[in-house]
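Next up: just one chain, as structure tokens, the form predicted on its own.
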């Protein structure tokens, strides 16, 4: 069994993961993962390349369902509901649990149409309402002041850091409850990374955030809780400060001090 940390009573649980195993074909990517992800907190998932970090958070919004040879066993509860239950619509899951990927991936459309895409898809047609959603989402993603005078210009003309904040705004436009971030700063320079980190820290006031990062300093700076994965297993999970200053497992200490990985 993976280690489970009992969260404080005032911190409601967003995700309860129990005995999660996952495979790509015959390769087992996750092994008996059990953990609780708290609501409206930032949870970082760290570990060396290939340890299962991305697989784990992609299980949280069922995006791995799109991979033909992927399968899983175990339970993932979101707000008490098993998200892999046959009665659950995976599209509804992905609307409530948004995701931003490693490389910025704006649509080849205007800035405005990137943000309005999701709301239009779920039936928002009113122009003034769309205008409001676009403005609010861009403000939440801390990019409104940079793009408000060029909403009809191509999103592809933005810098890499701006594109990533645009992708966060696009995810927020459909009013999710959770934001999953899969190494969102790995392709960005330090200044752009700093802006994303500031944004992530503010977003926890409204959203549950889970971030995969290979940057341990980033995990230490932005997260409330940290899970350390190694070869598909959850070695340790707990408050970030404890993980980084007084880890319970020697492998965690060896990783965060740079002795491997």
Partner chain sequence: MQLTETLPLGRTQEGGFGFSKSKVMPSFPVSSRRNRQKVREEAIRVTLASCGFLSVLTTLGIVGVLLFETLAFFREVSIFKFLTDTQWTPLFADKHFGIWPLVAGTFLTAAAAIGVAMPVGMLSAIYLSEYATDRFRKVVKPILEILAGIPTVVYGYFALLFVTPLLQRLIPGLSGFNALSPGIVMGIMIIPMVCSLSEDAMYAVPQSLREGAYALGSSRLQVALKVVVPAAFSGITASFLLAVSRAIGETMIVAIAAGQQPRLTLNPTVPVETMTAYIVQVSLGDTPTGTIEYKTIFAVGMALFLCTLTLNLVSQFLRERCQEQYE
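These numbers come from a predicted model, not from an experiment. Positions refer to the first chain, counted from 1.
Although it is not shown, the form predicted in complex with the partner chain is what the next lines describe.
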* **Partner proximity in the model of the complex: residue 109 to the partner chain, non-hydrogen atom cutoff 4.5 Å** => yes
* **is_contact(residue 165, the partner chain) in the model of the complex, heavy atom dist at most 4.5 Å** => no
* To do: Answer yes if any heavy atom of residue 155 is within 4.5 Å of a heavy atom of the partner chain in the model of the complex; otherwise answer no.
  => no
* **Heavy atom of residue 220 within 4.5 Å of the partner chain in the model of the complex** => no
* Specify the contacting stretch among 145-153, 186-194, 70-78, 113-121, defined as having any heavy atom within 4.5 Å of the partner chain in the model of the complex. => 113-121
* Asked: Of the options 63, 199, 29, 209, which one has a non-hydrogen atom that comes within 4.5 Å of the partner chain in the model of the complex?
  -> 63
* **Residues of 74-103 having any heavy atom within 4.5 Å of the partner chain in the model of the complex, listed in sequence order** => 91, 94, 95, 97, 98, 99, 101
